[in-house]
Every structure is written in C-alpha cells, then in structure tokens.
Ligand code: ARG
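Here you get one chain, nothing else, as structure tokens; it is the form predicted alone.
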C-alpha cells in the first residue's frame, strides 16, 4: 500500500501542471484534446489544426519572423502587439508626423502604409520527418559528424520539394535533436500598417510597468495582408488586394471571468525546460546577474538623456525598449527561480532519475558527467556573457567595430577591388547606425559598463589595455580621438584610398580596443567554451531521450523553437507574496490612477481622458461599469508569443497576449503554476480604442463580433422553462 501511494504521488509530480506545456498542434488529438475539454474547451482538436479544412491554425501568422499575429477579418486584417509593430510604426514617424506619439489610423485601404521587408508566414502542414533526416546516423557518431549528416539530409529533403519563392519547408529539431518535424509554410510579403494607438496607450507604463502586474497597456496594432489578383502571395504592388483567409477569428464581446478556459496559439521563441539542476543554478546565480548588471548601467544612462530631450527620446526609444525588455525579464527570472525552489525541484527529479538510470545500462552515470561539464564551462560562460553584453551590445562604438572590421580583412585578403565593394555595404550600415547614435551617451555608457567588467571579469580574460587603467581617462581618449564617433568623420576615413583608410582604421583607439578584446575571446575563451558546450549539447540529447525512456508515465512537450504551438490554461489571478493577492483583471480606472501629466511613461491621451470623464464606453464596459484593459491567464508563454491570440473555449478572440508577470519569467526553465502568468490585452479594450478613441468604425465593421456567453445563458434560460 505504501509503495502504491509513493508511485501515485510520483506520477502526480511528474505530470505537467495545468497550464504548463507548449504543445504541437498536429498532436493535440492524441495528447491534449481530453485535457483541454476537461478544462472547459468546447472545440475538437480538428477545429484547431486541420489540413483538410479551415481551422484555427489558418488564422495564425508568424509576424515578421519574431512575433505572432492573427487574422481577425475576412479582409486579411491582422492583429498583433504594438511592440511587434514598433519598428514599422517608427519607420513611418517623423517629428512632423509622429505616428509613434500620436497614433495612426488609416481612413481607407488607400491610406494603409506599406512596410518594406515585413512579411507574415502561415503554416500549411506539419509532418514528422525524423526517419528521413536521421537516416545514416549510427550510435557513437560525434556531434559534429552527426550535424553534417543531418544538414545533408535536410538539403536532400528540401531539394525534392518543388517550391516557389513564397512557399518553403522549414525543418526543425525537437527534444534536443531526437526528433525532426517539417513545417510547410506560405509567406505573404505585402503587409501594410492599418492603425496603431498613440504610445501613451500602446506603450502605457513603458519600462516601469514592463513584466509587471497590475498592467494597463493597450499593446496592440493592426496590419493588413495584401495578395495578388487570385489571392495568391505577392510582393508589394500598389494594385494588390486585401487577402481573403480560409479562417479568421471572431471577436467576443463577452469578456472573461476567473476560471475561464484560455488558449494561446503562436510561435514561442525558446525555452529550456529539461536542463539539469546545475545548469539552472548557473542561470540563476551567474549568467543572469552578469547580464543584468551591464544592461542596468546602460539603461540608467540612456534614461537620463531621454528624459531631457524629445529628439533623443525618439532616437533612442527603440533600442531602450529592446535592451530593457530582457534586462527586466532576467531580473524576474533569477528571483522566480529562487522563489519556486527550482534547483531543489530539479535535484528531486534527478534523484529519481538516477534511481531509474542505475537500472538501465544506457543511462547509468549520465548526471555526474553533466555536472562535471557544467563546472568546467562556468567561468568562460560568464566571460562570454559580459563580452556579449558590453563591447558586443551596449557599448555601441565598440560594437560598430564589428561592422568596420571586415573592411580590414577584405583588403588584406582580397585586395582593393573587393574592399571597395565591401565599403558600399559598410556605408549603408553606417547610415542606419548613426541615425540612432549619440556619442555623448555612448561615452558615458562606456565608463559605467567598463567599470563593471573590470570588477567582475578575471584579469586573464581582459584586454591588457584595460587592466589597472583609469577608465574615465581611457574613455576620454577613445571618444576624443576615434574617427567613428560621427558619420562625417567615418566618411572622411573611408574616402581615403584603401591602403590609407585601412591604416587609419587599424590605428583608431576604438578599433584597437575592440580588436584586442575580440582576439582575446577567440584565443582564450571560445576554444574552451565551444569544446565543452559541444559535449554538453551531445549529453543533453542523450539526457532528453533518457527522460522520455525512463518516465513513460509523463507527457513531454518539446522546448520552444519558434515553431507553432498551443498552450492552454485558465483566466487566473495569483498571490505573488504573503499578504498580496492579484485580481485577474484591470480596468480603465487604473489607467487614470497611474496618470502623470507629461510623463513619457504614464501620460494619458486627452481624448482618452475625455471618454473616461464622460463614461463614454459604448458596449465595451463590463459589469463594473468600466472598460477592462488587461487580464491574466495561466498559459505557458515566452518571447515570440507576443501578439498571440487569447482564444476562448469556443474559438473566439478574447484578448491579445503581450507579456508575462515579472515573478514568473522563470517559466522558460521552470514553469510553476503558483506564479507563472501571461498578460493579455482584453479584446474589449482593443475594440473600445479602435471605435471610441480612434473613430475607426470601418475596422469594427469588418470584424465578426460575437456573444458566446449570452447565447449560453439564453440556452440555460430556455431549458429552465421546460
């Protein structure tokens, strides 16, 4: 009896938590349909993924390759996050026509704005191709040899496909390379900006509220897919027509309640759920703290200058948001891993793993080998983190040297003719770089970041020109003497004949420091890291297979890798710490409570204030009499899920996923149902802004608005009568 109870408890522990998992849509019938329906879903697996008829998957797009979007009308209207459309909105903005600040709403199809390089990608079919891709791989083959063979098999597989420029097959590894799936895709390249709220709505709370609950951000924007004459994919052409989808999402006006079923459908970027305990410990205690420290210093300098000057704010807005996003995520991740005892839980699992592995000759002694490798890699891994965050990202002048360096190598290896060709590409990059660069800001960032590096990186991994040097004096020299602190000086260098220009580049103090640091990494750090990491990756593949073999009672979902996934959970508040309970919904009242006039994070648009004061909410208020803004769910999400639809039990859009709570960002390594929550914009707030604030009624008219809960209540009332 005791043994039975122990096994039962273990089985319960091994099952994925309600809400945990990023599931492959073509396997829902076999793995998840019953669980989803038990949680309240009214759909069948075939309603979500089908290759024979229109299904939910046909309304989901990979937006630009980095976010998710969903089609919400029969005319190809795409909803995604404001921050997903950020760069495109910014590209159309000037000080005179500042769509970022003031918003933009096209009044007709003709006013919708094209976006060069932007595309959306649909998934047509998913197929298991493991046997084809792993053909010829024998036991004992090295990871390098294995990858060469896999790459050849992938190339052979793709060569058999007859694809045009818009259709492709993407082949991705799953379960640490133990399985391969093919994703047949179709891309549409004519994507136009339809509308965006002002940043005081779309980015309300900005960086202070990022990853934080309660949240009041209307993080959405609208685009439209355009197609050729026969609805086929096409590059931009003025006479293209709005795309007609095989499925689009109706929008529910009924809102959400605590405990409602929620499904997130999208393209999560990356997770590492099956790492050993020592790896999670290094993330928590070594890697995250290093990256946080560097970004924290850089962001403080940027923020100081952005608050002083609106031109600087516009110039630095994009890069600040990008840097701040993961800075805050890593802070929450490290704290969340500690709070939920992630390492202890991993160790507890590993104890049972070793017990089972000791009975299987294939996997005996696996974990001790893992631990030894992670101990070997810890120091050089930390140095790589500092290098990645300091000269390769946040000190922009040093990062620019990665663009300049090919000029030197091209001239030395290929001569003046190839140098001139390379110079044209470099000049194009420089134009984009200096458009968003201020040497004064970068100078101060250099000082703050270099001080952190000197304090934390072992001397043997630092450039000799930095060790025991006065950082402020070094910064004065570099930024005072470098020819690459502005575009005019850089052009002057590149206008010289190739030999003279290369000589000037090589003697530039910024280039010399960047080059020395880069060479140090190549010689002292990368060889150790690369060899050890290859061994870890090879062992991770075995460890993943071992987990699946030794724990047949557990349902395993593959780590995220930017492929289409379904996650399911419920609308749910949570308790982040003792004495504090978070409700599942926020309202427009909370926007007004946070309002700080003229503050770039918490200012409120005058028209929104007027609507609030008049209580002019149209049909979008809930039972509280206010407009709901955001809500929480227990869905397992990560980067890439930005812009994913929140879908109700009947397949209707109820919200737009855009963030996670700070306390639960460790879900990439350790999902915990107590604090892991995703944040969504309520569909009613989106409709309210489009309708009442923007007056873009033409967009409301093309959507299908539904009342699924009212139908349910009416049915119950009729049944009660009989």
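In this text, all values refer to a predicted model and were calculated from it rather than measured experimentally. Numbering follows the first chain given and starts at 1.
The discussion below concerns the form predicted in complex with arginine, not included here.
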property: Interface residue in the predicted complex among 611, 592, 321, 550, criterion: non-hydrogen atom within 4.5 angstroms of arginine; result: 321
property: Residue among 104, 211, 261, 363 with a heavy atom within 4.5 Å of arginine in the predicted complex; result: 211
property: Stretch in contact, per heavy atom within 4.5 angstroms of arginine in the predicted complex, of 203 to 211, 542 to 550, 519 to 527, 556 to 564; result: 203 to 211
property: Proximity of residue 121 to arginine in the predicted complex, heavy atoms at 4.5 Å; result: no
property: Contact label in the predicted complex: residue 570 to arginine, heavy atom within 4.5 Å; result: no
property: Non-hydrogen atom contact residue 80 with arginine in the predicted complex at 4.5 angstroms; result: no
property: Touches arginine in the predicted complex: residue 325 (any heavy atom, 4.5 Å); result: yes
property: Residues from 655 to 690 in contact with arginine (non-hydrogen atom within 4.5 Å) in the predicted complex; result: 658, 659
